[in-house]
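First comes one chain, alone, set out as structure tokens in the form predicted on its own.
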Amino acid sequence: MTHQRKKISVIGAGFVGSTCAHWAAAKELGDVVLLDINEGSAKGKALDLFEASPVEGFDSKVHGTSSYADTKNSDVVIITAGLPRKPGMSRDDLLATNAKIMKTVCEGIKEYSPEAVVIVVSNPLDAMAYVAKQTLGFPANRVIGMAGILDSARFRSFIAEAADVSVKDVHAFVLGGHGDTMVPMPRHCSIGGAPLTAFLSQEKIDELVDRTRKGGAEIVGLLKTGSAYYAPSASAVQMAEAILKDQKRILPCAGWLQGEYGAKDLFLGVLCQLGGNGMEKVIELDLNDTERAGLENSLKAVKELLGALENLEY
């Protein structure tokens, strides 16, 4: 019998895309195709990564291309294409340019991988996921945005550092839009199953929440010439792994809402169950007044972004 390996295509061979290819190949999630309009960049990085396989001992093939035909029948497609942020830019400043890029990319995916689950990483995330869904016309379970895992990973790493505990024992998540209005959920955080307040003062927790909100900008400010890529790519690949291995993981992702939290026909960061069918369900939580107000504020920001999108030609 012929057994087919899984296929993961990564669109955009910049720092985020090439690092996605790296994590996916190293985890042997399947064969990896790295696509970029700069064919040499995609082919060079893919070849370099493939040449690491004897050293690291992974059997994933890695192929670089500028042609969507090479991505044919992908199981999962991760879209990282688009301009990164520069210091002083918000994620929203990238709207017009990245919407055009997203539309072109999704036309290629729709033609060659109509059954794929698509993970959107490009910024501004909640709007780019919207453009992707409109262009692809895929059902809601097969278009998901990556933001919450990254924001939660930042929050968890800051908590582990402050409490001087293993990151493995820190559970935390962030809801809402991917930007300054994100809603970290300290009430639902725990370290080894015990509440956060058993380890850290409320003042310290508030400080970490604030740092989480500004986590991306902190890195942009330090790098000066681009934005974060290790943690964003690791987060996207965690989603791909949950889908390819049908893990049924509960992870914060940007999901297409149909009435959950009073929101409809837009993407917002919520807890999702990810498995073989993509986003299999949205987990809706009871929020307290502070959390609800935070989410409403986030929702308003996403709607403003979508309003700005409607006025653009792309």
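Just count from 1 along the sequence shown to find any residue number. Not measured: the values here are computed from a predicted model.
As for the form predicted together with ligand APR, it is not shown, yet the points below apply to it.
Asker: What I'd like checked is whether I11, D36 and S227 together line ligand APR in the predicted bound form, meaning each has a non-hydrogen atom within 4.5 Å of it.
Answerer: All three within 4.5 Å in the predicted bound form.
Asker: Although the partner isn't part of this model, could you tell me whether A127 comes within 4.5 Å of ligand APR in the predicted bound form, counting any heavy atom of the residue?
Answerer: Contact with ligand APR, no.
Asker: Do S74 and ligand APR share at least one heavy atom pair within 4.5 Å in the predicted bound form?
Answerer: S74: no contact with ligand APR in the predicted bound form.
Asker: Would V16 show up as a contact with ligand APR in the predicted bound form if we use heavy atoms at 4.5 Å?
Answerer: V16: yes, in contact with ligand APR in the predicted bound form.
Asker: With the cut-off set at 4.5 Å between non-hydrogen atoms, does T212 touch ligand APR in the predicted bound form?
Answerer: Answer no; every heavy atom of T212 is more than 4.5 Å from ligand APR in the predicted bound form.
Asker: Of the residues I159, I144, V237, V121, which one places a heavy atom within 4.5 Å of ligand APR in the predicted bound form?
Answerer: Exactly one listed residue reaches within 4.5 Å, namely V121.
Asker: Give me the residue from V105, V174, I243, I78 that has a heavy atom within 4.5 Å of ligand APR in the predicted bound form.
Answerer: Selected option: V105.
Asker: Want to guess which of 185-193, 166-174, 130-138, 90-98 is within 4.5 Å of ligand APR in the predicted bound form, heavy atoms only?
Answerer: So the stretch in question is 90-98.
Asker: Could you pull out the residues of 155-175 that have any heavy atom within 4.5 Å of ligand APR in the predicted bound form?
Answerer: Counting only heavy atoms within 4.5 Å of ligand APR in the predicted bound form, no residue of 155-175 makes contact.
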